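A lone chain, given as structure tokens: the form predicted on its own.
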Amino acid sequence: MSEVMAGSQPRQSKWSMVGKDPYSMPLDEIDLSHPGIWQANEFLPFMERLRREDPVHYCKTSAVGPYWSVMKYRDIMEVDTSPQIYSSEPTVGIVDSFEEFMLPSFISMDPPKHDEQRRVVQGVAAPANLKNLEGLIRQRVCTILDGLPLQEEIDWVGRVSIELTTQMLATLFDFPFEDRHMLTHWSDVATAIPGRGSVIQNQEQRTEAMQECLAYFTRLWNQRVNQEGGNDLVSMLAHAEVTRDMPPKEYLGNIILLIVGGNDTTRNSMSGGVLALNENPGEYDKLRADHSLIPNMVCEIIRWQTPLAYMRRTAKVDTILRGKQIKAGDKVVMWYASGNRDEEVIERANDFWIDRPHARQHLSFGFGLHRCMGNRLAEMQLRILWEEIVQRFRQVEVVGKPERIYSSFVKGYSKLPVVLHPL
């Protein structure tokens, strides 16, 4: 599946869609699963053609095998809210396994086991806990922003987005603060495609990193299992009846799920929002004129960015979706990044519009029983960040081309060069 990386630009493999015109190629040859068009930021026209001409699209041949693409908002909602037809097992990724390495976790489970395990940890994002975290988040945001140099180029991803989300993850896990960079590393490794230019070169390196993660979190489990139950995620898993006897692989799977879920969505929206405002200067002017738009803008940033481009399901039974016959066992991929651009449901869907009415009406957090449990925490972190940015800077100016992640799943950034201009 991987392409050979040349610097930050991938050299095309036979599967790549990079540089191709989606409107001149045969419809059945369009393959959204290949990471090249996502890293090159060329995916939008492909999605647009499929929405218009073949919104439930069968890709017969790809590097990941045959799969269905579900492109429109209401069809995605139907799949996402029908677990009796579309299963989350064995995985929500488009690849069935990374060779011998596939981790069970509650996002890849159906009821009742999914519901039981999710219930154990969802209290960490309960309203009362969020209220307790708000002051800490603001303090950290202020410290990070006040430590940034003015009028010189910095990398927003490394200095702000990664640092803020990693500090939050360390708090949620009660993870040793001095080792928090390891959480980012494990998150990146878990979702990376091996190859030159990637954080891993092969599957063996992924397995080694995941074993390192399991060993570290097993030590934390062993420290906490005999202590009085705490409010951190490790303690919650260690003390709950339905998770305290999990096999190690399932424990690791749930830890990785919580790390990736807490890292990628918020981190890439923090970077994506800066880029969107720079690409739409009229919206940046609106923000400068009216800071009360920030909560609504946060929802629009999350729609616009769509930090996870898709989720996959597997058909449990033969079924029909928009007239297409889907067979039991078929892969069904809900392209949230496409549903968020569906103009039948979302007005001016291709515009970044910070005072958009009904801005929460997006698919980025999913729907149904797998809806992201940390959605309100992600929104709060982004809100606080922008509340503090506008108190300090006239503009966070993007001064170079963003470097995007080589992935069709995580829609994110590895680098975003900016210059901070004071008020």
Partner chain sequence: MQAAVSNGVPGIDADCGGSCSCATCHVYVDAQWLDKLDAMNPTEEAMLSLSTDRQANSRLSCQLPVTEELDGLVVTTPEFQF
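Residue numbers count along the first chain shown, from 1. Since the model is a prediction, treat every value here as computed from it, not as a measurement.
The same protein has a further form, the form predicted in complex with the partner chain, not shown here; the description that follows concerns it.
Visitor: Residue 176 versus the partner chain, in the model of the complex: is there a non-hydrogen atom within 4.5 Å?
Guide: No, residue 176 sits far enough from the partner chain in the model of the complex that none of its heavy atoms falls within 4.5 Å.
Visitor: Mark residue 30 yes when one of its heavy atoms lies within 4.5 Å of a heavy atom of the partner chain in the model of the complex, and no otherwise.
Guide: Flag for residue 30 set to no.
Visitor: Does residue 77 reach the partner chain in the model of the complex, with heavy atoms at most 4.5 Å apart?
Guide: Residue 77: yes, in contact with the partner chain in the model of the complex.
Visitor: Please check if residue 243 has a heavy atom lying within 4.5 Å of any heavy atom of the partner chain in the model of the complex.
Guide: Residue 243 lies outside the contact set for the partner chain.
Visitor: If contact means a heavy atom within 4.5 Å, which one of 58-66, 367-375, 33-41, 381-389 is the stretch that engages the partner chain in the model of the complex?
Guide: Careful reading of the contacts points to 367-375.
Visitor: From the list 140, 239, 286, 118, which entry has a heavy atom within 4.5 Å of the partner chain in the model of the complex?
Guide: By the 4.5 Å criterion, the partner-contacting residue is 118.
Visitor: Check each of 154, 125, 182, 199 and return the one that places a heavy atom within 4.5 angstroms of the partner chain in the model of the complex.
Guide: Checking each option against the partner chain in the model of the complex, the one that comes within 4.5 Å is 125.
Visitor: Could you list the residues in 235-255 that come within 4.5 Å of the partner chain in the model of the complex, counting only heavy atoms and keeping sequence order?
Guide: Residues within 4.5 Å: none in this stretch.
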